[in-house]
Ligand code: DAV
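Presented below, as C-alpha cells, is a lone chain in the form predicted alone.
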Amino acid sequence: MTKIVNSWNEWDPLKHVIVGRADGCCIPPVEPAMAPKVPEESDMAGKYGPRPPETIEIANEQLDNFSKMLEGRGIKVDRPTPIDFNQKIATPDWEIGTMFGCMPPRDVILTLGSEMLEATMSFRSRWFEYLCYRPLLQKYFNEDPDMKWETAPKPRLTEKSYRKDYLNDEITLDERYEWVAKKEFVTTEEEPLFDAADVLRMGKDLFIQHGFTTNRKGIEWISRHFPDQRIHILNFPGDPFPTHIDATFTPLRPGLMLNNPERKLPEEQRKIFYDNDWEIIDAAQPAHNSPPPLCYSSVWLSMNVLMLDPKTVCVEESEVYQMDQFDKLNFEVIPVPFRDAYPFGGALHCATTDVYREGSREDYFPKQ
C-alpha cells in the first residue's frame, strides 16, 4: 500500500488534490449564518433554489478545464460526488428548504499531515455537505494504512448558536465594523463551530481566523484535537463579513504572506511573523469593481490563489493586477479562467483541498 494523504502547508509541491463540482448547486434560503452575508442591494436578496442551468454548465466547464490543467502538470485530481441539493433537510432542531453544493471542498475538509478532518460547518444548509466527499475519504482510508479519517462533532445549530443582532435588516456598515472590531460575530460560543477554510497550515503552526464561521470554541476544539500543533488566532477588523481567511491572508512560500490591504492584520498579531523574518505584503487591487452575478464573495477573490509549489501560482485569468504582482515577485504565474465559477463557492483555493503535497512538518516559526 502507498501513502496517499500528506499535506502540512499551503505551498509544498502539490501532487494530489480534490477539485469541486458545480452540479445541482442551489442558493439556500436565508438562515441565521447567511443573513449577514447578503446585503440588501445584493442580487441574491430574496432568492433561493436551484441556480440557472446555464451558469452551472459554464462553471463546470471552468472547473473541468482547471482539473485538466492540473493533470497536465502531473497532479492527480479527484472530484466529489454531488448529491441532490435541491431538497429540504432537517434535524430535530431545524429545517431548511435546500442545501448548497460541493464546489468548495476547502470549506469542508481540513488536511493536516496524514489526517483528513471533516469540519463542523456553520451553515445549516451545508450540514450534510460532507457526504459528497465520503466516497473519496473512504477510498483513501482503504488504500492508505496511515490515513486518519476524522469527523468533528456535528453541531446542533439551534438559535443559540447565532447572535440575533445580525438578523436585523437595518444594521449599518459602521455597526458591522464596530462589532467585528469587538470580536462580536454572528456565531456565538454555544458549541464548537469551524469551517476548514478558516485554517492556514504552516507546518507546526496553524493560523485560524476567528470570525463568522469559526468561533473560539471551534478553535479550542482544533487545539485539543491537534495537541502537537501551535495554534494562533487571527482577526481582521477591516472585514465586515469575516467568513473565510483565504481572501484576506494568504501564504505564498516560507517567509512571504499576502495580506488584503483593506483587512490588515493588526500589529500585535504580526509580531510572530516579523520575529521570524517573514514579510507581509499588500495584495494588488482586484481587477473588478463588483463580484459576478449571484455571488456571495467579495472582489478580493483576486487573491484566492492556489500554490502548486513555492515558485508556481494559479491565478484567475482576469485578475491582471494580481498576476502582475506575482510576476514581479518571480513566481511562474498560471492564468486560469475561473470567474464564472466564483458564485458557486469561491476561487481557486476555495475550489480545491489538498490530498498530497511533498514535504514534511517543518518549523517555520522557531522564535515564539
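From a predicted model like this one, the values you see are computed outputs, not experimental measurements. The first residue of the shown sequence is 1; numbering continues from there.
Below: the form predicted together with delta-amino valeric acid (DAV), not depicted.
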>> Looking at heavy atoms inside 4.5 Å, which stretch does delta-amino valeric acid (DAV) contact in the model of the complex, given the options 294-302, 71-79, 143-151, 110-118?
In response: 294-302
> What is the one choice in 210, 201, 263, 217 with a heavy atom within 4.5 Å of delta-amino valeric acid (DAV) in the model of the complex?
Replying inline: 263
>> Going by heavy atom distances of 4.5 angstroms or less, which of 157, 247, 196, 186 would be at the interface with delta-amino valeric acid (DAV) in the model of the complex?
In response: 247
> Applying a 4.5 Å heavy atom distance criterion, does residue 350 contact delta-amino valeric acid (DAV) in the model of the complex?
Replying inline: yes
>> Can you tell me if residue 243 lies within 4.5 angstroms of delta-amino valeric acid (DAV) in the model of the complex, counting non-hydrogen atoms only?
In response: yes
